[in-house]
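As structure tokens, one chain now follows by itself in the form predicted on its own.
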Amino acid sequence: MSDRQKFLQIRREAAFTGLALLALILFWLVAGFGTAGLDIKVMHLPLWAVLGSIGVWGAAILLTFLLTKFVFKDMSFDDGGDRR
């Protein structure tokens, strides 16, 4: 893999990680504040509390799995020589 291809892959990974963060923030807003008006209880807790805390962790784990499965690539940064 050339240095340019590595750079493009790193940029791609960073962009998708940023999009995942944005998706998590939006999910947190909708799950926490968007469901605050609903009178639904989960284990005696309001739905907004469960989705705004545990639900965000679940979404983060899912997004991390998807990033590592489909976006991230294992590549070597060692080019074999010292360019100093």
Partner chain sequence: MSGNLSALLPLLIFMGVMVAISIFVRRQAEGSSFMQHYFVGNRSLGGFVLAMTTVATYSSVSSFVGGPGMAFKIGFGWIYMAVVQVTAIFLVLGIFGKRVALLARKLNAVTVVDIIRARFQSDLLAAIAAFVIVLFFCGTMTAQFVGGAKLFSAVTGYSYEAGLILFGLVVVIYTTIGGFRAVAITDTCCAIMMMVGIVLLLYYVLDAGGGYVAIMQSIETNRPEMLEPFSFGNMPWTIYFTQWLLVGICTIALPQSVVRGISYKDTRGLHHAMMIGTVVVGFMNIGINFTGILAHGVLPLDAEAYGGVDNVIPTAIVTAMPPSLVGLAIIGPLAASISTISGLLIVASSAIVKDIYVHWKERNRQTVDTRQLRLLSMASTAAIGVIVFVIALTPPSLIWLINMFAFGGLETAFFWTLLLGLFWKRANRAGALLSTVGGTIVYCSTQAAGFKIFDLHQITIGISCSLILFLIGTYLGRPSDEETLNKFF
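Positions refer to the first chain, counted from 1. The structure presented is a predicted model; accordingly, all values stated were derived computationally and were not measured.
What follows is about the form predicted together with its partner chain, which we do not show.
- When its partner chain is considered in the model of the complex, residue 29 lines it closely, a heavy atom lying within 4.5 Å.
- Put simply, residue 65 is close to its partner chain in the model of the complex: some heavy atom of it is within 4.5 Å.
- Interface residues of 1-34, taken as those with a heavy atom within 4.5 Å of its partner chain in the model of the complex (partner not displayed): 3, 4, 6, 7, 10, 11, 13, 14, 17, 20, 21, 24, 25, 28, 29, 32, 33, in sequence order.
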